[in-house]
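The chain below stands alone and is given in structure tokens; this is the form predicted on its own.
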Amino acid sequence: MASTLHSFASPADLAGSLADKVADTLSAAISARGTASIAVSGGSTPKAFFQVLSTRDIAWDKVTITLVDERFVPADNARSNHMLVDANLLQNRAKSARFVPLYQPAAAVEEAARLATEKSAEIGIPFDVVILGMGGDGHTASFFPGGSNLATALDASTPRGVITMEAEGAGEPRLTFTFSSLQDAALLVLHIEGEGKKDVLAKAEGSGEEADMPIRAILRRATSPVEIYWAP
């Protein structure tokens, strides 16, 4: 599927433009069927975007927010993506949105994934908006090179839902939506910042195996066009 690169002079410019695009997409979904959904990435990159999006004037009480992936840690852990969303997105006007976490209290990460799949079924897929990030190794969501369930994660025939992922360098075990769950959002965005990430993107867009740079699966096989938002 073709991708479109949107380049901005600064992260602040990117955050404002992306917030406008996402707000318009969510509002259109609400107008069409009364509800809207968005799955967002973690890490430090989306903080400014989250903060701007939280101020947009849309019917947030009709929006459900979840994460594309999460560490197997409670919400009060500093490494939790849930904490990042709480502090930066579920603020201002967006306080009235519904949030569905991926982390579920469980003795094992596999059980947490099963519970998260049940919870996410209440949202309905495809999502209206999916915001992905990308690591320097070409991972996205928690699709890590060498990951324990990478082939399952990238298989478009894998049932929609949440699976586990463990990989060297990933730290805690991860919970991640499958490629099949993310690929057909009405708005599918790859949000990256910095010259280094642009170099990684250029490499990912070249030849090579998806297993070596899993972002290639999104760029090559997503059934929705990929909107790439980049700023230095």
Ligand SMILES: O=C(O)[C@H](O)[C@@H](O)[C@H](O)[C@H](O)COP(=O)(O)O
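Note that residue numbering follows the sequence shown and begins at 1. As the structure is a computational prediction, the values presented were derived from the model and not from experiment.
In what follows, reference is made to the form predicted together with the ligand, a form of this protein that is not presented.
query = Using the spot the ligand takes in the model of the complex, and overlaying the site C-alphas onto this chain, is the pocket open or blocked (blocked: 3 or more ligand atoms within 2.4 Å of backbone or C-beta atoms)?
reply = By the 2.4 Å criterion, open.
query = Which among 26-34, 56-64, 40-48, 180-188 is in contact with the ligand in the model of the complex, heavy atoms within 4.5 angstroms?
reply = Result of the contact check: 40-48.
query = So in the model of the complex, does residue 147 come within 4.5 Å of the ligand, heavy atom to heavy atom?
reply = Judged by the heavy-atom cut-off of 4.5 Å, residue 147 is well away from the ligand in the model of the complex.
message = If we define contact as a non-hydrogen atom of the residue within 4.5 angstroms of the partner, is residue 82 a contact of the ligand in the model of the complex?
response = No.
request  = Could you confirm whether residue 141 comes within 4.5 Å of the ligand in the model of the complex, counting heavy atoms only?
outcome  = Answer yes; at least one heavy atom of residue 141 falls within 4.5 Å of the ligand in the model of the complex.
task = Spell out, yes or no, whether the shortest heavy atom distance between residue 134 and the ligand in the model of the complex is within 4.5 Å.
result = Residue 134: yes, in contact with the ligand in the model of the complex.
Contact set, 56-73 vs the ligand in the model of the complex - heavy atom within 4.5 angstroms = Contacting residues: 69, 71.
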